[in-house]
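This document opens with one chain alone, in structure tokens, the form predicted on its own.
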Amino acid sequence: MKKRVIIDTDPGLDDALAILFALGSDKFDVLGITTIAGNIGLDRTTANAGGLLAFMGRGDIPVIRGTDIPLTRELQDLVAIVHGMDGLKGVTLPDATSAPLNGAPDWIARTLAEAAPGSIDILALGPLTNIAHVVTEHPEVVDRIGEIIVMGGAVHAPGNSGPSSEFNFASDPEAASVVIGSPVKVTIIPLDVTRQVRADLNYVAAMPDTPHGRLARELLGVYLHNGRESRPLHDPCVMLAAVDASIFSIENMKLDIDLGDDPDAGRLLVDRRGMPVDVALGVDTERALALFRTGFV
């Protein structure tokens, strides 16, 4: 059976690759793509999500605009070094075939309310603000969520936002705290493992010669950071964990979120008083890359 999923995202190059994998794979029934400001502003992330669906001929899947501000903090300055001002480093997509809907948290809540308990997973690729709004404002539907798989945080690895903090969690620490503190099963895919999953030139060249395989090849090409291998495939790891969690070494840990105002706000804290959360701490890189390729056949 296909997994029924909502993808919450801020595309973004690695988000785009993750979405293409999900749409090209036969493992997912994507109910909708909800957008969030993160890698770039909300208008651009929403346009990119619609463009990916148009490219894949999936205008039946709605795009729903989310929030462009964190729960309590100011939005971080957006950095375009990795993703470019358009989020895709100049890779062009067709225009969306339909206008996006508005109000991602309410749309998620309505979709969950119509579902059986535990029947929909949320694949979270960006800051967790939309999902935190669902948890706090619509607690009656939380039991409809089977699992939330999150790309975020760093346990033992250094951060990419602060010394020990990761960008998604640092963008809205309070939202990350709400989500990991919720009664939902949460699995975190942190920098500790995503940094181990990269595509080298040979892998990029060997991507399947399908339309979305060629698009993935182009996206990976602009995602190369040293001419030899890509930057980490952060967000595709969420999709891979949803398909085959055995690729990852997962431990249950008690975690909290640093809610301070220093440069490490949003960092993961290992704390025996924290909430129990499943965390991927290891990955079989070869199996991960092999599985990722299957979404583009």
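In case it trips you up, residue 1 is the first one in the sequence shown, and so on. As the structure is a prediction and not an experimental result, all values here were calculated from the model.
What comes next is about the form predicted in complex with a small molecule, which is not displayed.
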query	finding
is_contact(residue 196, the small molecule) in the model of the complex, heavy atom dist at most 4.5 Å	no
Partner proximity in the model of the complex: residue 166 to the small molecule, non-hydrogen atom cutoff 4.5 Å	yes
Contact test in the model of the complex: residue 191 vs the small molecule, heavy atoms, 4.5 Å	yes
4.5 Å heavy atom contact, residue 34 and the small molecule in the model of the complex	no
Heavy atom within 4.5 Å of the small molecule in the model of the complex - the one residue of 111, 182, 160, 187 that qualifies	160
Contact segment among 229-237, 242-250, 256-264, 25-33, judged by heavy atoms lying within 4.5 Å of the small molecule in the model of the complex	229-237
Complete contact of 5, 121 and 149 with the small molecule in the model of the complex (any heavy atom, 4.5 Å)	no
